[in-house]
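Below, in structure tokens: the form predicted on its own, a single chain.
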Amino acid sequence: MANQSGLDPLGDELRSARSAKPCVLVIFGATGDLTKRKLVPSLMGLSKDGLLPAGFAVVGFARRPWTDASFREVLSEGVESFGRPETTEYFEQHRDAFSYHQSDFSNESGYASLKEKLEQIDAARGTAGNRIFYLATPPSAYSNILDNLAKAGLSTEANGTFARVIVEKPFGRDLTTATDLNNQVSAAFHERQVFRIDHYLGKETVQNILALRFANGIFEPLWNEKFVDHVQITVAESIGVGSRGGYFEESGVIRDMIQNHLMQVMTLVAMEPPAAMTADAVRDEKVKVLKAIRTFEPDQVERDTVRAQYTGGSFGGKDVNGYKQEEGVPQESVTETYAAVKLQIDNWRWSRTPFFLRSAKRMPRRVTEVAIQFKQPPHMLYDGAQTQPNMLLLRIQPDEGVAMRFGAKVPGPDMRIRDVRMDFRYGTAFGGETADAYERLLLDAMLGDGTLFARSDEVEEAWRIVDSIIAGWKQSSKPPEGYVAGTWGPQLGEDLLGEDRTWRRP
């Protein structure tokens, strides 16, 4: 329910002393699913919370022969289907702010007419010459779009205006293509104008990693190799690849998930305290973490990584295909649907604490979490105590929250110790729902805050590590392991952790 001011209490999550300046958001590839499912519903969530600037407009740029009216109708349906409750009325209030511009991405004249259109919008809606360009297209279109934006003068900032570009992942498919992409982007925009978006970094629990560490004196002194035995980061999906077999065959789970989502989360868990909570200070520390991870040698790939493919099985009471039976997947495929990696961060804080990253399709449930397992006491005073090591659990999805596991005495005359858990859930503690990750990230792009966006050197360092793993897999004659759909992966994945450790089963 809205409060008396007309703003939803959820807006308190995003409310800032800073106010976004008037601007126009130009979405390239605006007829795709991302625009109607995520971008525009998120914008209306910001509107509901009073966070959109008074002067604001959206221009959809795509090849389909749509009109303003047909574009608005599709977006209205998207907000109704995918937006937060009660945001449909906000779209109706902003309906006239959405317009459509038809052009091919390679057509220079389309950008010249776009520039004229934006100037007309500036005059009509007070958007003050500020632009944000969102590349919601396949990466193959980036080069044409970036080049033509620069040629049309749309990437230039002048007289206090801003021009920014938001780039969706994947940021390349290896180090070479990522470097090429960064060079293309930097030819049109300065790095401070570039926002490489990874929606995982907009999730509340991911952001709360920094707050948990640096706003609480009880955690940071223990956040090092002296007290932490190991860290597990898991992104598990219950679905298979379905009709996306052709796409997935080109990426695999290590490119699709580990290179970006899991490594981004890992850097936040492992980084040193930044000098300030500014974009460059935070991103400097994240890059230092990646630089401290050595390039994998072939023998290390064999020892410290596991790859596997799901095979057919029973899931949710139904028989499901194995990966090689999915549409678009060749029978000789060696693409991994499960990957587990042991990373060692060679610095003073983490030198003896391994980080285990795991992601897979067709696991028993959909879950994303970080499990920080602490070392056992040096001497157990209580005979027969069956406690597990203390653990701090950060749940990113679903049921965002934080939990801690520790041992406590069972009521009664005997000294019996049992594991108990303290549990914090966002919905219970703060009420209502959390804002969608895209809401946070779109607002930050409007504000010019790059803290939650990847920097070029960060992307390239992550690819350096992943490329060396993929190279080791290619050199190996060993095919991927198999694991039955609906299980937590192959036995080799369990063995990766060693004798005294085991993967959490959420």
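Everything numeric in this text was worked out from a predicted model, so none of it was measured. A residue's number is simply how far along the shown sequence it sits, counting from 1.
What comes next is about the form predicted together with a small molecule, which is not displayed.
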Inset, instruction - Report the residue, out of 117, 125, 291, 244, that has at least one non-hydrogen atom within 4.5 angstroms of the small molecule in the predicted complex. - result: 244
Inset, instruction - Tell me, out of 199, 84, 173, 230, which residue has a non-hydrogen atom within 4.5 angstroms of the small molecule in the predicted complex. - result: 199
Inset, instruction - Using a 4.5 Å heavy atom cut-off, state whether residue 256 contacts the small molecule in the predicted complex. - result: yes
Legend entry - Interface membership of residue 237, the small molecule in the predicted complex, 4.5 Å heavy atom rule: yes
Inset, instruction - Determine whether any heavy atom of residue 99 comes within 4.5 Å of a heavy atom of the small molecule in the predicted complex, and answer yes or no. - result: no
Inset, instruction - Give a yes or no for residue 283: in the predicted complex, does one of its heavy atoms lie within 4.5 Å of a heavy atom belonging to the small molecule? - result: no
Legend entry - Residues 21, 131 and 190 all lining the small molecule in the predicted complex, heavy atom within 4.5 Å: no
Inset, instruction - Name the stretch: of 299-307, 398-406, 266-274, 200-208, exactly one has residues whose heavy atoms fall within 4.5 Å of the small molecule in the predicted complex. - result: 200-208
